[in-house]
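To begin, one chain is listed below as C-alpha cells, in the form predicted alone.
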Amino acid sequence: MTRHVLSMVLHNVPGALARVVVLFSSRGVDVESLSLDPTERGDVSRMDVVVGLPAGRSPDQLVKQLSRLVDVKSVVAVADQARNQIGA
C-alpha cells in the first residue's frame, strides 16, 4: 500500500462527510487519517485525508470521482515532494 494525501474543500452542509466516506468505502480505499475543520468562511470546510492505495495505483481517478460530488468544491492530491518538505 502506498499513502497519498488528498486535500479538499467541501460545502459545509449535513451529509457532506458521509458522501465522501461512502465513495472511499465503495472503491475499497483505506482511510488512514482524516481531518475536517471549518474555514474562516462559514459555508465551507477543509478536509485532509491520508488514504492507502495498492502499489502502483494512482490517486488521479479518485480525485476525479471526488470532484464530481456535489458537496466537493475542489480536491487535489498533494504531491509526495510537498509532503516531504513539511515532514509528513
Partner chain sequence: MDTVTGASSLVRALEDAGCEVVFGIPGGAILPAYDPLLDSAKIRHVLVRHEQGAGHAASGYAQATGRVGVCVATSGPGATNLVTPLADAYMDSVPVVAITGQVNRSVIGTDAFQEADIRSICLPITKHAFQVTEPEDIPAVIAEAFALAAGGRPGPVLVDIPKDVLSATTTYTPALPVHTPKVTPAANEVRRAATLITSASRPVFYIGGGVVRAGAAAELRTLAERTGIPVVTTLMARGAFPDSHRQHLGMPGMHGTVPAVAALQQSDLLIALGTRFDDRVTGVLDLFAPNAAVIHADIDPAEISKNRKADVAIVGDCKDVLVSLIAAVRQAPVLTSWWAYLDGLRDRFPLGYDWPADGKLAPQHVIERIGTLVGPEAIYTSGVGQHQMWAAQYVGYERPGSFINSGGLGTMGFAVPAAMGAQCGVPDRAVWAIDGDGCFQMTNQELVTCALEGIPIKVAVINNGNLGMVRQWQTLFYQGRYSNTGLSTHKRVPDFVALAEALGCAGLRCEEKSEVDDVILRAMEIRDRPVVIDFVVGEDAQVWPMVAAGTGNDEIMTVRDFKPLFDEDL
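Positions refer to the first chain, counted from 1. In this text, all values refer to a predicted model and were calculated from it rather than measured experimentally.
One more form of this protein exists, namely the form predicted together with the partner chain; it is left out here, but the text below deals with it.
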Complete contact of T39, R41 and V76 with the partner chain in the predicted bound form (any heavy atom, 4.5 Å)
no
Find out whether any non-hydrogen atom of Q65 is located within 4.5 angstroms of the partner chain in the predicted bound form, and reply yes or no.
yes
Though only this chain appears here, would Q61 touch the partner chain in the predicted bound form if you measure heavy atom gaps against 4.5 Å? yes
